[in-house]
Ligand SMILES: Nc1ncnc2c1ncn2[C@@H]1O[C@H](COP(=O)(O)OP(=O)(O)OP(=O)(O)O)[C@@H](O)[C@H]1O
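Shown next as structure tokens: one chain only, the form predicted alone.
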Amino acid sequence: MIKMEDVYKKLGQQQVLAGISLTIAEGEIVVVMGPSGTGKTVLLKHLNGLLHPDRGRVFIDGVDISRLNDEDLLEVRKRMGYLFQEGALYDFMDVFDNVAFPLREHTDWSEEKIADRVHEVLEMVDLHEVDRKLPSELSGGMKKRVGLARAIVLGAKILLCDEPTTGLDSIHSRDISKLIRAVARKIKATTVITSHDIANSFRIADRLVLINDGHISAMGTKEDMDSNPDPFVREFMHA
């Protein structure tokens, strides 16, 4: 389970998060939406300890990660996968080595076992015969799939995705959204996704969270959001 309690975060002179409280159940898929610059990515980075709150606490499975030392935080992060906006693949590594990298860094597995696992997760994201391609040889959608494979290769129980449809056309945005949901369900991962893509957020989410000016403006299912009378919520949802 993921829990944020009254989290505040200021970056420079800007108050980015201003009292965020949010609980996400095990296995739930939650999409955090909001206009650009409202703190979606900042919120996500608090969940894996890349940022620490100025006030408030962040719990992962009952552990306040904002109080952990680097060594203990690393152990928590090994149970998490992070899909970056642009995939964040190593340009000098082929697909196989990009996906294998976390296994080589954090396990003592044999190369044979690593190869089996890499091919297993590439199959899971519908990539075939791309092992030796470099990132520069891949389409935008394929890069996202490789990034997703790398995010889950260690057996992630928490999956964090930062704007996964950015840079994709509507068809590929739909496909990567459906794939993330399918993979999250298959591996039973608690999943948090940031997005400004309303249509795909509706497709993928069990629950939606809308933030604005550092606060949660609304939270609930698609039906809850559609029926919310708040002017900002209605304007955002029907933009």
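Note that residue numbering follows the sequence shown and begins at 1. This structure is a prediction, so every number in the text was calculated from the model and none was measured.
One more form of this protein should be noted, the form predicted together with the ligand, which is absent from this view; the next part is about it.
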Partner absent here, but in the predicted complex, which of 22-30, 179-187, 60-68, 39-47 has residues with a heavy atom within 4.5 Å of the ligand? 39-47
Close approach of residue 221 to the ligand in the predicted complex, 4.5 Å, heavy atom: no
Flag residue 216 as yes or no: does it have a non-hydrogen atom within 4.5 angstroms of any non-hydrogen atom of the ligand in the predicted complex? no
Just to confirm, residue 14 within 4.5 Å of the ligand in the predicted complex by heavy atoms? yes
Quick one: is residue 85 in contact with the ligand in the predicted complex, heavy atoms, 4.5 Å cut-off? yes
Looking at 196, 207, 174, 52, which has any heavy atom no more than 4.5 Å from the ligand in the predicted complex? 196
